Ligand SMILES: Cc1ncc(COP(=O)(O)O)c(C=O)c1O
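Only one chain is given next, in structure tokens, and it is the form predicted on its own.
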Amino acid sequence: MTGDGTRSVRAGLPEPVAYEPTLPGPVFAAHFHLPGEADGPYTYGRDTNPTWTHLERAIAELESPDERAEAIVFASGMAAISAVLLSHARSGDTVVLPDDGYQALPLIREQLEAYGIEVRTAPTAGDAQIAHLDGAKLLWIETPSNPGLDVCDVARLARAAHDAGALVAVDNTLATPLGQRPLELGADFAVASGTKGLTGHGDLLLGYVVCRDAGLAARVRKWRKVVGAIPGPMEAWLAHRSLATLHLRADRQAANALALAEVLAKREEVTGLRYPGLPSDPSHRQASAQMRRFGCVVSFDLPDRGFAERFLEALRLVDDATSFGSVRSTAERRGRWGGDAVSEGFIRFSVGAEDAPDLIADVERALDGAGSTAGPRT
């Protein structure tokens, strides 16, 4: 068995061909030559593309290195999420979602309910979704949850869901395949936004679904064809190129995140600190049992909205931006969007690959500055 670094560098590469690049460039084609019967691997650009093929093989190798799996890439993480839910749930079915997950899940819920699908929700923490599985068709898990960073027991939930006759999908965006492998824990689908930690440069949109069951994969692939939620070949090629540094980025960002969390734990103005890699974190025990890396996201509360905004404005090495997983640190006051059950001073901090001492110094300086100009707390 190869290690994560070797696998990341080599995943999805074709067999060597003399005088050809190791990673072929993007193939830009709406159609392909079709002599005779149209039974070749590439026919029309909405269905297949050689650049997708290499990337899909790579992602499948990362999510399921020890057992054959199929990956299907999409134009965005939301396209991948929608593909699983809308290709496997029908009117009259029941779907169980987390009530503390990705901010766009309520939009998915609205669409499912408009199609006559019952939606039940429960928190990620404490495996609370397990109480809502009776009669369910599909269980959707997000662990660690975004933005609260709660962790649930994927294997336990998967067993319970399968016993109830439900399929299981896990949003693996925050963990990435190097942090967690949902298929090995019993899930039927590993789903993620490749926009974030997987590709890690904040410059492309991408999503994917991976499953080991060929029948399930075929339904997802058919949904992609019908809806046309396909990635561009350039995005797919850039994503594949980015995988070669995934292990380096994941290790550096996780180490930086832990170092930052340890410093934040000592700050009086910081409350509600969450990072699964901290031994004091409520999710640390479960995260340690099923995760191999704890990710790059740290969340915490500052005293109020004004304090949080002054803190973000004072940062010099950290961009005030949404999303996460980039090699460049970002942070945002999550409450600005509405929808998440967080305080006005809640910060979601995506830790990048900068030198940890520089990043920590910037954060502490910004906290000091935000506090020194604070008015009376209300």
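Here the structure is a predicted model, which means the values were calculated and not measured. For every residue, the number given is its place in the sequence shown, counted from 1.
From this point on, the text means the form predicted together with this ligand, which you will not see here.
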**Request:** Specify the contacting stretch among 166-174, 281-289, 303-311, 110-118, defined as having any heavy atom within 4.5 Å of this ligand in the predicted complex.
**Result:** 166-174
**this ligand contact at residue 256 in the predicted complex, heavy atom, 4.5 Å** = no
**Message:** Quick check on residue 233: any heavy atom within 4.5 Å of this ligand in the predicted complex?
**Reply:** no
**Asked** Does residue 221 reach this ligand in the predicted complex if we count a contact as any heavy atom within 4.5 Å?
**Response** no
**Asked** Contact between residue 274 and this ligand in the predicted complex at 4.5 Å, heavy atoms?
**Response** no
**Site test, 78, 102 and 206 vs this ligand in the predicted complex, non-hydrogen atom cutoff 4.5 Å** = yes
**Request:** Report the residue, out of 299, 180, 195, 124, that has at least one non-hydrogen atom within 4.5 angstroms of this ligand in the predicted complex.
**Result:** 195
**Request:** Between 125-157 and this ligand in the predicted complex, list the residues on our side with a heavy atom within 4.5 Å.
**Result:** 142, 146
